[in-house]
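A single chain, nothing else alongside it, follows as structure tokens in the form predicted alone.
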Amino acid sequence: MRKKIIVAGAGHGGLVAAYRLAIKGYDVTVYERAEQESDLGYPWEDFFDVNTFPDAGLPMPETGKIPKVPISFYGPNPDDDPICQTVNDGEYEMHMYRKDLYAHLMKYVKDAGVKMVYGCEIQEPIMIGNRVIGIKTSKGDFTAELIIDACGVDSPLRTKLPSYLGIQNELKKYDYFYAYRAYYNRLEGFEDVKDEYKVYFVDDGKEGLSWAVTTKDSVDLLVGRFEPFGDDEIKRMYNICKQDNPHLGSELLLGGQICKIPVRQPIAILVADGYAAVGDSACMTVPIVGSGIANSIRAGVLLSKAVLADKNGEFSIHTLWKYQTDYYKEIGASMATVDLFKIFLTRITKDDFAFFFGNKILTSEDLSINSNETSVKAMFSNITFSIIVDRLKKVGGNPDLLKKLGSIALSAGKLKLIMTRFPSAYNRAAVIKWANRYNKLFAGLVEDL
């Protein structure tokens, strides 16, 4: 009998795992709350690694591959020059609307024989003892040998798992963004745009970031905050961006919703008996900006490899631990390091930011991109412990900022040590001990800064 696998939610990583397992003969069903396929995906576009599709064993889309766009980072002082990424000639990335990305994925998912059930609200996991055996939904109860959780940041599966499994249920402030994203028309007469991709770290003391990305026909405006916000904040940021981007029009072309996305390190434990979290359910994004397509799809590949390696079809925490180990080794550890910098950015003042930018504590070399990395993943990949220490010497005239940078440097060293003690094989006592240290590091840093 073919092993049954349920994918809860049509997240990118879950769909890739579904595709790769279905072509190997597994009986895979995706249960999704959207009413139909055309409803999948946010109404916006994303940049991600050009190697994402080949790495997943999927054909490249016919369109979407473009030269990489360098990002310019702006501080609060308009007199300070932005810090701009360095992009080498011949560097490319994917640039696709979510709808087009889903259409591309779904073609192969359906061809592989994956069954899709739409209009199905997932409510909670079904368990026997320590094992997840199924899902309760608005269309009834469904069971399988393995449940893949791709339900998103507030997954009704992850958030309702018993605490003794050690999987983090609830996220905390600074773990996620409330993000408004909309496309406005681009006005004519402003052809000479200096920076096409502008990121603003501080907006009059508000915690979060914003960006304005100029394309041929539109301006992509994002407002990201750690607290809920409404129309007043959107209008305020629109007006601020309009001053710096006079080509920003007033006609809303696409988007305009506020959604919740994770912007933190991956959760400490990804698996349990009969259960594996992937994508936003496991916080597999780039912490600074919340982009998770490349990480999620790669996680779907790693999960499928762990499942295929389980020749007895046990899908226990012991056999699924290979997925967790591979993810942290290839992606998760680096994303955790990036999250340290995100926490730092959330805890410094507007004056700190002005000092930070004005004195070049962060340089364009730190933000350089190489040909094997997606731009968002590589944004801070060159900031090593030694570089942080070197930057401390430039901050001597700002004791408060020096203290905060010192905390980041110390935490970076602690994180490196914690990752060297990552359990390569599953042992409950060792895993819980490691997870507690990992979680305590980030929670303590938020409180200390």
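The first residue of the shown sequence is 1; numbering continues from there. Please read these numbers as outputs of a predicted model, since none were measured by experiment.
One more form of this protein should be noted, the form predicted together with a small molecule, which is absent from this view; the next part is about it.
**Asked** Quick one: is L40 in contact with the small molecule in the predicted bound form, heavy atoms, 4.5 Å cut-off?
**Response** Output for L40 is yes: heavy atoms within 4.5 Å of the small molecule.
**Request:** Could you confirm whether L254 comes within 4.5 Å of the small molecule in the predicted bound form, counting heavy atoms only?
**Result:** Contact check for L254: no, nothing within 4.5 Å of the small molecule in the predicted bound form.
**Message:** Contact with the small molecule in the predicted bound form for R33, defined as at least one heavy atom pair within 4.5 Å: yes or no?
**Reply:** Yes, R33 is a contact residue.
**Item:** R181 within 4.5 Å of the small molecule in the predicted bound form, heavy atoms
**Value:** The answer is yes: R181 has a heavy atom within 4.5 Å of the small molecule.
**Asked** Among V338, L222, M116, V219, which has at least one heavy atom within 4.5 Å of the small molecule in the predicted bound form?
**Response** Contact with the small molecule in the predicted bound form is made by L222 alone.
**Request:** Would you mind picking the one in Q85, T319, S291, S210 that has a heavy atom within 4.5 Å of the small molecule in the predicted bound form?
**Result:** Residue within 4.5 Å of the partner: S291.
**Asked** With the partner left out here, if you bring back the small molecule in the predicted bound form, are P125, E314 and Y323 all within 4.5 Å of it by some heavy atom?
**Response** Checked in the predicted bound form: no contact with the small molecule for any of the three.
**Prompt:** Thinking of the small molecule in the predicted bound form, which stretch from 161-169, 117-125, 74-82, 185-193 has heavy atoms inside 4.5 Å of it?
**Reply:** Only one stretch qualifies here: 117-125.
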